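Have a look below at one chain only, the form predicted alone, in structure tokens format.
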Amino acid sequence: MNTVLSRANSLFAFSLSVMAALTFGCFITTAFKDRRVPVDIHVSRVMLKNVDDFTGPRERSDLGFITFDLSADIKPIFDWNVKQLFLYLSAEYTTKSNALNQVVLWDKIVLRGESTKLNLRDMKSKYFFFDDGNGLRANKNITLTLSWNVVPNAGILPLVMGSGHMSVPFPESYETTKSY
């Protein structure tokens, strides 16, 4: 005859097996969903300064400032397996010293139940846009892209790029004003 402990162990193991199967079912129903949405990025102002870089050798580095507008409807991304989205705007560009530079300029977390219409106007970059040298000056191909990480209830964390990006030319001269 089975003891109470062996019956409890069997019940616990069966419950865990059922929960694992349900979790896998939750994952597989949304695993192959296309999570791209159209994104509209518009840059209204670009400013470039040459400032002292205190992180390394005492040289001067480029510091860029960008004011942008961003609009997107991210409602189609949310389904019953999405807890939140981590949105971030990044800049990609090449310089003589680096084949690929990537800098995150702005980010936002959107939780389930919050407004899913992004209509941001005159946003300034949240993080510094430093280059490790003078690669921003007169750079004609700095591409801004909105991407997001989907944080699901169960499953993998997909990294998705929005379908829409913008190339921004940077000025050939530095600003000398004190404010942005």
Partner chain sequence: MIEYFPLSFYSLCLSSKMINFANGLLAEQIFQGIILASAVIGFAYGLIIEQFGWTVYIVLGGFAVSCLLTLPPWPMYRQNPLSWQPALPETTGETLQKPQENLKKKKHK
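What you see is a predicted model, and the numbers here were worked out from it, not measured in a lab. Residue numbers count along the first chain shown, from 1. Whichever C-alpha set is largest while still superposing within 1.5 Å between the two forms counts as the rigid core.
One more form of this protein, predicted in complex with its partner chain, exists but is not displayed; see below.
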Its partner chain in the predicted bound form: contacted by all of Asn141, Ile156 and Pro158, heavy atom 4.5 Å: no
Give a yes/no on whether Thr3 approaches its partner chain to within 4.5 Å in the predicted bound form, heavy atoms considered. yes
Answer for Arg36 alone: is it within 4.5 Å of its partner chain in the predicted bound form, judged on heavy atom distances? no
Taking 4.5 angstroms as the cut-off for heavy atoms, does Thr23 touch its partner chain in the predicted bound form? yes
4.5 Å heavy atom contact, Lys126 to its partner chain in the predicted bound form: no
Picking from Asp73, Glu92, Asp79, Asp107, the single residue whose non-hydrogen atoms come within 4.5 angstroms of its partner chain in the predicted bound form is Asp79
If we check its partner chain in the predicted bound form, which of the residues in 10 to 38 reach within 4.5 angstroms of it by a non-hydrogen atom? Ser10, Leu11, Phe12, Phe14, Ser15, Val18, Met19, Leu22, Thr23, Gly25, Cys26, Thr29
Is there a C-alpha shift of 2 Å or more at Ser163 between the shown form and the other one once the rigid core is superposed? no
